[in-house]
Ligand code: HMG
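The chain below stands alone and is given in structure tokens; this is the form predicted alone.
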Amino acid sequence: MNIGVDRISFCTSNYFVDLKTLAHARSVDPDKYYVGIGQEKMGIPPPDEDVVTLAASAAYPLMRDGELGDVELLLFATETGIDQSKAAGIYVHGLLDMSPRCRTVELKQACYSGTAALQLAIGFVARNPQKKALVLSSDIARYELGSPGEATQGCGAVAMLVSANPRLVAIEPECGYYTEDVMDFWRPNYRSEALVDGKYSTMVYIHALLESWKQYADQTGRTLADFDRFCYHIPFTKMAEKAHQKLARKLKVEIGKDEMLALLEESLRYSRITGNCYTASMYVGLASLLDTAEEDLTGKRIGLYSYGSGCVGEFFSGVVQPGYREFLYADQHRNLLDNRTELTYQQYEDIYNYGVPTDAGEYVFPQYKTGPFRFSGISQHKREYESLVE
């Protein structure tokens, strides 16, 4: 029995900053961002957008299309938690008017937990083939103004419906994974911005990839030649390219620039203009690949590498299913990305400094341009959400 991704829907903020604008403000060459890290824009969430509204908006097309009726497991992966106790997925469950017969849990392990959620969902469906699971990965990447990580900021969410006999991608059972206790990236409870040792994190990312690949290859006997495309965790698009080069070099495989583009480019298109989406980033890459590849990917094997700092890495694979294009939300994704509002540098800084109030007061937030849902305010220590669906 095949189990995997039956539907995939992506959402990001309706606002962005062009990195040329940031480069001008920081007095650096725009190519430092456009070429050096391979990023062009970063998604900026307004004050009434958070990981709940992004995730609910990503999943809304599934609700609209009547796809959530058999869902009995909702897993919400994020490293941008909004409550120390209540799972963010429960807010989404309510906004989507889902059945009360549903397990709902929030998962955390830096950028890896989206893959943990997917694998747990596959296990659930294997035991309950007639049921489905909803995996939500939603994050807002935030670093200090002027810091080295600032240009990699972004936001986004991916909703994946996991089922038996999936219409998009069957996930193969073999996988390699790796855990090591390191401090390459972390965010203490008393900080809203992450702390990162960039060079060290890159080194650990690569090491976890090589170890995960070795386990996967030992199980399957496959080589790089057995894959038609790759999707990597994408803190910035050049990281994915660097990772694949390192893996090829380790395996003594020659790979030219054109071959690299053929293997990776389609998966990097969305991330280049949304920025880092943490737990969602590799799955933003998967959506980008399925949506934008001109070649029919039916029967093609995709290599998938997920990494979360701290650290956990996993390499696994999936095979694209016949007729997959009929079940994509490519036009919706393209419309969203083409119709965002560009911010000036001052608007970006004003939104950055706004912050969610923490003084236990009563607040009603002004309405910006969001998806079908918005974070409307705080009352009696409770976050309040509003549906804009007519």
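Heads up: residue numbers just count along the shown sequence, starting at 1. Just so it is clear, the model here is predicted, and its values are computed rather than measured.
Note that the form predicted together with the named molecule isn't included here; everything after this is about it.
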Even though the named molecule is not shown here, does residue 79 get within 4.5 Å of it in the predicted bound form, heavy atoms only? yes
Give a yes/no on whether residue 257 approaches the named molecule to within 4.5 Å in the predicted bound form, heavy atoms considered. no
Residue 201: touches the named molecule in the predicted bound form, heavy atom cutoff 4.5 angstroms: yes
Within 4.5 Å, heavy atoms only: does residue 317 come near the named molecule in the predicted bound form? no
Given 193-201, 293-301, 117-125, 222-230, the stretch touching the named molecule in the predicted bound form at heavy atoms within 4.5 Å is 193-201
Heavy atom within 4.5 Å of the named molecule in the predicted bound form - the one residue of 36, 61, 47, 357 that qualifies: 36
Selected contact from 278, 270, 91, 283, since only one has a non-hydrogen atom within 4.5 angstroms of the named molecule in the predicted bound form: 278
For the stretch 123-160, which residues lie within 4.5 Å of the named molecule in the predicted bound form by non-hydrogen atom distance? 143, 148, 149, 152
